[in-house]
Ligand SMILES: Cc1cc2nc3c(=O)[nH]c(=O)nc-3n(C[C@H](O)[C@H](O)[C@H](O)COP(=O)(O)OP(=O)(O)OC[C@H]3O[C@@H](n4cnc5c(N)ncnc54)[C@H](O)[C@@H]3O)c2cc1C
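One chain comes next, on its own, written out as structure tokens in the form predicted alone.
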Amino acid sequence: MLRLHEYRYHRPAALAEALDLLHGREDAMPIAGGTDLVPNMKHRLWTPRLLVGLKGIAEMQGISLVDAEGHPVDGDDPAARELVVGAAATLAQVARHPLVLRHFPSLAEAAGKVAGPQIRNHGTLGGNLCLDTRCTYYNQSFFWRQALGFCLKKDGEVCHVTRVGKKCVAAHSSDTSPVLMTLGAVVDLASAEGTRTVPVADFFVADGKWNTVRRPDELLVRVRIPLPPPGLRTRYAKLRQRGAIDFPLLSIALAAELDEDETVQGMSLVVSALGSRPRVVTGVEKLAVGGRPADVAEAVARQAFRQCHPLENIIVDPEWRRAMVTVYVRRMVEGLSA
């Protein structure tokens, strides 16, 4: 049996209190649902001495529409400008909330495909965005990793995937992140030193050791998503070994703006679960704009195939995963007309 180490737990009632607890402490970590952090603590991947609980902080809860000044508005109010989702909102809440289903169905689908219902009832949107990267050589017991000589991400000096370089290539496994990137979402970060806003597209970095720009003493407070134009259609697809529970072997988010004649006016495509951050497939707008989805699907799929190169960081053949990029992207683009 894997046991937890000794630690203290605080459950602050206000955001400022939580930020004070995290400030200046290298042995403190925030915890919301804990569905990823607690198993990692059992594996001694993280050994914080202080856990700061976030579920009781009102500023990190709720899902609502707001106007340009940030004031809450009704669902049918024409003044609505963006959807605000508290970072501590559970994935189950995001998946079934009427505002998310109405305006951002791909986000609801992505949240609804995370793990199983027990995990979604506890795991949070903020936690999914900040999800630790995963790798065959990392997500193991301390005994297993010690026998191997550890790895570049934790306690070692060698990446067992690439055998070279000083950057970790553990896989980014968040379901909601690629979707939020295609929707132009931003996140609000807060620390005892102040606040800042970062586009989700700029939130991730290419190093699996710590693959976000969030500092350890910062909290992701909320996610803000601009309301989509009338012609925007979104899709999300997830490849995994089973129909539930498993982390993605491949995840793909697509957003495309179509006019009344079903002609593509804009397109964004993000592929994830390949490396340490989601990959924006470049050049798809040049291939797609001006055409109909069925006519451009093959070209967009080939573009994604050329740019996506899975690594052996998951125990599934990387060439098969790469082949599935073409299959899934083609289906998603063709499905835009449905």
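The first residue of the shown sequence is 1; numbering continues from there. Just so you know, these numbers come straight off a predicted model, no measurement behind them.
One more form of this protein, predicted in complex with the named molecule, exists but is not displayed; see below.
Original post:
Do L232 and the named molecule come within 4.5 Å of each other in the predicted bound form, heavy atoms counted?
Top reply: No, L232 sits far enough from the named molecule in the predicted bound form that none of its heavy atoms falls within 4.5 Å.
Subject >> Distance check, A79 to the named molecule in the predicted bound form, heavy atom within 4.5 Å >> reply: A79 lies outside the contact set for the named molecule.
Original post:
L220: heavy atom within 4.5 Å of the named molecule in the predicted bound form?
Top reply: Answer yes; at least one heavy atom of L220 falls within 4.5 Å of the named molecule in the predicted bound form.
Subject >> the named molecule contact at P293 in the predicted bound form, heavy atom, 4.5 Å >> reply: No, P293 sits far enough from the named molecule in the predicted bound form that none of its heavy atoms falls within 4.5 Å.
Original post:
Heavy atom within 4.5 Å of the named molecule in the predicted bound form: which of C130, L183, L250, V100?
Top reply: It is C130 that has a heavy atom within 4.5 Å of the partner.
Original post:
Among S174, R214 and K238, does every residue place a heavy atom within 4.5 Å of the named molecule in the predicted bound form?
Top reply: Answer is yes for this spot.
Original post:
Heavy atoms within 4.5 Å of the named molecule in the predicted bound form: which stretch among 66 to 74, 282 to 290, 53 to 61, 300 to 308?
Top reply: Result of the contact check: 53 to 61.
Original post:
From first to last in sequence, which residues of 71 to 102 have any non-hydrogen atom within 4.5 angstroms of the named molecule in the predicted bound form?
Top reply: A87, L91, in sequence order.
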